[in-house]
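Listed next as structure tokens is one chain, alone, in the form predicted alone.
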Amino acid sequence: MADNKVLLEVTENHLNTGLRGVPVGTCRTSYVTPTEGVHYCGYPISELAQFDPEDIVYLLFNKELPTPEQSTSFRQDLAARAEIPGDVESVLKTLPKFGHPMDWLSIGIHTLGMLETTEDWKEDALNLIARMPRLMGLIFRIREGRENDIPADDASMNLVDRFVHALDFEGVDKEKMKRVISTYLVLHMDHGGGNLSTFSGKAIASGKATVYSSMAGAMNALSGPLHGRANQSCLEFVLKVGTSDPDEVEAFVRAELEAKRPIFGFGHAVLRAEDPRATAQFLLGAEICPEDENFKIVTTLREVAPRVLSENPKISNPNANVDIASGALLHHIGFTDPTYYTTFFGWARVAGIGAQIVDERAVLRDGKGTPIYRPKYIAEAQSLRHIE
């Protein structure tokens, strides 16, 4: 209990720090350790990277991996939820194509909620998960001006296959595409309870907003460059490097540091080793695209950047994080516009945020759910003078 008391002691130094390190609740779906990174329901992510997304969704909602029978039944349940009950396409076609894809995703999720909300936390969370592949496919097709002849959805397919089917890219290796997207989804589904998008979604839901409104808010939080949009910035950074020559990469990194610009794809608030999610993506890239120029660049950065960054004693973790390789892999399979990358992050995180919303609204405190979020803010002295 003594350790808990220390954790809960809030001092003046905690104020105006974004609640960093201040405990506010418990999380049943995931946690992060300094050496093994994120764990889903007790399983380190390194053990889960090769699983199908459906089985990890099951894990997050049920806190255990499914048996083969449970996996089959759950996939059938998601398939039964897949059909979108209304015309979301017409709404998406009215949006400005110059708007960021994350804004489209937020509006798309809001629209799904207006078309149908059951008011049951778990039902709505699972319905949204089942409908995300179609929504994602429609966003890509309509934004690209390919809104005609979109293949009909096929609920008999798995989540990733349904997206690839709707996208219907030509001249790409669809099997590679499915592997990269599947791995991406699994690696990004959850990351503790206190990251900005998850916390924002749960805070909105605490006011009894719908799952859809809460998730749309979470996507807005994810869209910022300090959170989910970092993976877009990382690929843009890799393209800026432009070479995989170790000496030139080192010179580039040192020049960026000298100019006080960030080195994207490195560092983590909790981890003190390479992010296992990055390791998993490097292993996948070494298998499917070892000669891809962007992958060669991130492979060189993986070796060079930590060595240079570690020269600064203030940097506690100079190692690669989850963002470093994901953009190179997505680019290799045909997604050459990095502005879309955060939508994949959002698609993945819908599962983890959805599971956490269900826990906080319908499971915790013996099913009563947590109260509405309302942290205390302290008036500054300048404000208090007006009261005297």
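All figures in this text were calculated on a predicted structure; none of them were measured in a lab. Just count from 1 along the sequence shown to find any residue number.
As for the form predicted together with a small molecule, it is not shown, yet the points below apply to it.
From the list 219-227, 159-167, 130-138, 204-212, the contact stretch for the small molecule in the predicted bound form under a 4.5 Å heavy atom rule is 219-227. The small molecule in the predicted bound form is approached by Ser316, whose closest heavy atom lies within 4.5 angstroms of it. At a distance threshold of 4.5 angstroms between non-hydrogen atoms, Gly108 is out of contact with the small molecule in the predicted bound form.
Shown alone here, Phe295 lies farther than 4.5 Å from the small molecule in the predicted bound form, counting heavy atoms only. The small molecule in the predicted bound form is approached by Val322, whose closest heavy atom lies within 4.5 angstroms of it. The listed set Ile150, Leu309, Ala82, Ile142 contains one residue whose heavy atoms approach the small molecule in the predicted bound form to within 4.5 Å, identified as Leu309. Out of the listed residues Leu257, Leu92, Val304, Ile288, Leu257 is the one that sits within 4.5 Å of the small molecule in the predicted bound form by at least one heavy atom.
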